[in-house]
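Single chain ahead, by itself, as structure tokens, in the form predicted on its own.
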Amino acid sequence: MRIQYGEIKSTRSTILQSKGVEESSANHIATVITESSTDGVYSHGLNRFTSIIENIEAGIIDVHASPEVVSSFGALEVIEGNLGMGIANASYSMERAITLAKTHGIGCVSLRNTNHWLRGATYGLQAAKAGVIGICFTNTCPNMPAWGALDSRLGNNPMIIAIPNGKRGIVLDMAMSQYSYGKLSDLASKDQKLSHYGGYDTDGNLSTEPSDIFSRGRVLPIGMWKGSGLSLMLDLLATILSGGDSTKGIGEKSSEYGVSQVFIAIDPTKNNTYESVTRSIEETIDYIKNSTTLDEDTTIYYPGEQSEKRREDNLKHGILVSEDIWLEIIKQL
């Protein structure tokens, strides 16, 4: 089924306010979630909304908490999230990083004791729209094995890199697993197979069946041992810079909360002209997109480009929504 942008946003905002979220914050969070679904990232948009409500009701999310700067030194800041709304904390932290970058050329803000930020690209795009480069990452609960291990002791620790480019920007948003758990859940609900191996089944064989990977709980790191190593380093960086919990610490809790995140903004115009930055981006994108393709039906896309096409379609025809998920949401009204 398809539902118009305005109805989805207003419905979410109304429900959040009924759970005690202040109106302006509820509107912002509802906008972020709706934007993710509009871009076709359903697994980290509407599909995650009920989990936010469940965490509010369980007391995992404190709807009255606000982020606070607890340490500051030049271009570095540490923010205490106070277990508040993950989207609100992340948006605030990236805004602080942008402000620091406008002054120092670079801003690095670490955030501790926060909750799931849903779609990480949101904060990369936030930076790109402000005309700066955005880099951010988060740790998670243990949900991916180290290379060569059977049990999960790493997080899939999403990392985002965004570069200004027109209204939207070029944005890479990737988990350290070949497929995020949100994407696996989305494909499993549609009974669709993966296009590439995403993890191991109950017999320990590489699989393209999302449900098999879920039952085993053993996803495949990107680049195998390289993704395993990168996951560990991102976890260490987020933990050290924020003074918050590591993946190990998060895994010792009853559920995934109190995660650590890092937000970096870089102003490329501090030592380059705007024209030279724009020219470099355009030349590189044109060069890549004019690659010789494997066949005539293949198109080369830059990161985030296909989201723009899905966005146009969803705004025109309404956002694709699972009927079961929508019925579950409106029960909260």
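Numbers for residues come from their place in the sequence shown, where the first is 1. A quick note: this is a predicted structure, and the numbers were derived from the prediction, not measured.
As for the form predicted together with another copy of the chain, it is not shown, yet the points below apply to it.
Checking 148-156, 184-192, 81-89, 116-124 against another copy of the chain in the predicted complex, the stretch whose residues place heavy atoms within 4.5 Å of it is 148-156. Under a 4.5 angstroms non-hydrogen atom cutoff, another copy of the chain in the predicted complex lacks T138 among its neighbouring residues. Among heavy atoms of Q178, some come within 4.5 Å of another copy of the chain in the predicted complex. Another copy of the chain in the predicted complex is not approached by A58, whose heavy atoms all lie more than 4.5 angstroms from it. For E283, a non-hydrogen atom is located within 4.5 Å of another copy of the chain in the predicted complex, even though that partner is not displayed.
Highlighted residues G105, L236 and T293: every one comes within 4.5 Å of another copy of the chain in the predicted complex, counting any heavy atom. Residues of 213-251 lying near another copy of the chain in the predicted complex, listed in sequence order, are R218, I222, G223, M224, W225, K226, G229, L230, L232, M233, D235, L236, L237, T239, I240, L241, S242, G243, S246, K248, the criterion being any heavy atom within 4.5 Å.
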